[in-house]
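There is one chain below, alone, in structure tokens, taken in the form predicted on its own.
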Amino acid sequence: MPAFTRVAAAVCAAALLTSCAAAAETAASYPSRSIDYVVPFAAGGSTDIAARAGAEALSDELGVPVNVINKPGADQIIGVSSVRSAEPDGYTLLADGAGSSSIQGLLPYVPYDWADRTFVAKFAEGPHVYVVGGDSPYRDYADVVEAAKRNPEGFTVGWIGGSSTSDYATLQFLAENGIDAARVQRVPFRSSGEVMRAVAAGDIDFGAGGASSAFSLSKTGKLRPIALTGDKPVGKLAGVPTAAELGHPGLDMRYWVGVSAPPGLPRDLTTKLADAVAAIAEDETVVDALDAVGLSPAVLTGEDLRADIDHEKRRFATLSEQIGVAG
């Protein structure tokens, strides 16, 4: 073998060994530097607040800074894409949820396979709240149902383009009560916060959003919450009945917050992260922070989480088909 070839082979072998050693060291000592936790929403919303509480606790659990980076826009595509294209080394993570995963599988313009990522763990979930304006003639759940059935064409609801669990909470409400969704007027907005403000202003009749989206406006009397999805009350919406209490256990739409990573994250890193996420869900500070935005701890990891999200996607698709509404 010529001398040059022998030297080149030796260099390549050394580089390979160094690369393998570095990979092994990373798996054994992860994390050794700060982690970016990308939130695909603007700052201040329920997901952002929950993610920040989770990031602070994860930082304590893992011993390195966990930096929250907001990358909103394009129905969460910008934030999700930035994580999907990152190195699968555990240093770029996504604050994931239904709006950035299962629902994206139903949107024809999403430029990637929604499932092509590493689902690490869910750590929180919470209900939606149905609201009317503080000055609305509709006093309660029964009033709203009666009005929407009587004149669906004249009944207006907030709509975020089919890209949010809030939209599916609205569809679930319509389906549960036999209201023709195709005849109801869906008024477009960019966020559940905008929907809540429009309901409070009397611009539309009805809206749905994560429970925390109604906290401030209901406190001032500008919103009247008429029901919470599911069967668990929310402390800051004391006195608001749950759907189960009203005899509608089928109204159970919830939203969740968790951690995902780029596709191809090594299994040992995924396990280490999942264990850390599960641990923070028991942290009293995190539990209090979640409660402040109407969320509660709820842990699901790895393939169990992936299977649950896939079921969620199929459920959303079935609901859309049954009620004859597309995004």
Partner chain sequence: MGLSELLAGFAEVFQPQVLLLAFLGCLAGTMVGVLPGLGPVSAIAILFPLTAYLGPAAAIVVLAAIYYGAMYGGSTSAILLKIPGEVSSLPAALEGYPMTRRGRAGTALAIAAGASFVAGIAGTIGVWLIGPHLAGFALEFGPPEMLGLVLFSLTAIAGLSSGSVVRGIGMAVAGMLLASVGLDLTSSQQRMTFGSLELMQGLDIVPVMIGLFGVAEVLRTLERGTPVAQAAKVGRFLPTRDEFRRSAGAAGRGTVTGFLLGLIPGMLPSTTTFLSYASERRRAERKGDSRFGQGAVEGIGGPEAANNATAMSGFVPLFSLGIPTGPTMALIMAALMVYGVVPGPTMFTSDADITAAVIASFFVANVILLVLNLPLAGVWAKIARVPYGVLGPVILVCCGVGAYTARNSVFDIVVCLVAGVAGWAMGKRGLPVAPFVMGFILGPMLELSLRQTVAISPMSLVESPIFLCFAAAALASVALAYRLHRKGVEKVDANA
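Numbering follows the first chain given and starts at 1. Here, rigid core means the biggest group of C-alpha atoms that superpose within 1.5 Å across both forms. Bear in mind that the values here come from a model prediction, so they are computed numbers and not experimental data.
We do not show the form predicted in complex with the partner chain, though everything after this point is about it.
Candidate site S81, K219 and K236: all three near the partner chain in the predicted bound form by heavy atom within 4.5 Å: Every listed residue reaches the partner chain in the predicted bound form, so yes.
Is H248 a contact residue for the partner chain in the predicted bound form, using a 4.5 Å heavy atom cut-off? Although the partner chain is absent here, H248 would stay clear of it in the predicted bound form, with no heavy atoms inside 4.5 Å.
With the cut-off set at 4.5 Å between non-hydrogen atoms, does A274 touch the partner chain in the predicted bound form? Close contact is absent here: in the predicted bound form, A274 is far from the partner chain, nothing within 4.5 Å, heavy atoms only.
The partner chain contact at P72 in the predicted bound form, heavy atom, 4.5 Å: Answer yes; at least one heavy atom of P72 falls within 4.5 Å of the partner chain in the predicted bound form.
Do W256 and the partner chain share at least one heavy atom pair within 4.5 Å in the predicted bound form? Contact with the partner chain, no.
Partner-facing stretch of 263-271, 42-50, 297-305, 276-284, counted where any non-hydrogen atom is within 4.5 angstroms of the partner chain in the predicted bound form: Partner-contacting stretch among the options: 42-50.
Sole residue of I77, L106, A147, A175 within 4.5 Å of the partner chain in the predicted bound form, by heavy atom: After the contact test, the surviving option is I77.
Can you pick the one in A244, I204, V240, I179 that has a heavy atom within 4.5 Å of the partner chain in the predicted bound form? Comparing distances to the partner chain in the predicted bound form, the residue within 4.5 Å is I204.
With both forms fit on the core, has G154 moved 2 Å or more by CA between the shown form and the other one? Where the cores coincide, G154 shows only a C-alpha shift between the shown form and the other one that is less than 2 Å.
Core-aligned, is the CA shift for R254 between the shown form and the other one 2 angstroms or more? The answer is no, as the C-alpha of R254 shifts between the shown form and the other one by less than 2 Å after core alignment.
After superposing the rigid core, is the C-alpha displacement of G221 2 Å or more between the shown form and the other one? Superposed on the core, G221 moves its C-alpha 2 Å or more between the shown form and the other one.
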